[in-house]
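We begin with a single chain expressed as structure tokens, specifically the form predicted on its own.
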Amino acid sequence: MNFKTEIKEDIAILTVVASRLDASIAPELKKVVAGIVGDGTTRLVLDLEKVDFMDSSGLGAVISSFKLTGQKGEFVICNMSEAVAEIFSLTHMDRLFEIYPSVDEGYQKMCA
């Protein structure tokens, strides 16, 4: 299992427990997020603390997950390593996503 999900109130905290978010697990990320959204939760905190490598497939899965939450949902990313943050910066995706240094900060933003 590459992901751990916790629902607090109406916010899903999805933790990637794999060290690589690449083509081998990207489809699973989309499937997990689709299940969360299908169950009615459209507010999601994506915790990338354990991820030290992400390729274009992983980035694409994150973007797809963001789109799945819809216009009425919220999607934030937390705990990026320097390597993953650099990918977001190089692709200008850091302008699209709300990024927080910790799950607590991302969660508190959604609760505000």
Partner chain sequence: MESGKITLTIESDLAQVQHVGEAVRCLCSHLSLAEVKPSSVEMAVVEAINNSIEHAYASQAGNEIEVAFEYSNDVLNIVISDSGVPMPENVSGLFRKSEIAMPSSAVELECLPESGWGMQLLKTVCDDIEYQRLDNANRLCLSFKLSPLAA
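Here the structure is a predicted model, which is why all the values come from computation and not from measurement. Numbering follows the first chain given and starts at 1.
There is another form of this protein, the form predicted together with its partner chain, and it is not shown here; the text below is about that form.
When contacts are judged by a 4.5 Å heavy atom cut-off, residue 60 counts as touching its partner chain in the predicted complex. Under a 4.5 angstroms non-hydrogen atom cutoff, its partner chain in the predicted complex has residue 91 among its neighbouring residues.
In the predicted complex, its partner chain lies within 4.5 Å of some heavy atom of residue 55.
Contact between residue 43 and its partner chain in the predicted complex is not found at the 4.5 Å heavy atom cutoff. Taken together, the three residues 4, 7 and 74 lack any non-hydrogen atom within 4.5 angstroms of its partner chain in the predicted complex. Residues are counted as partner-facing when one of their heavy atoms sits within 4.5 Å of its partner chain in the predicted complex; in 86 to 101 these are 86, 87, 90, 91, 92, 93, 95, 96, 97, in sequence order.
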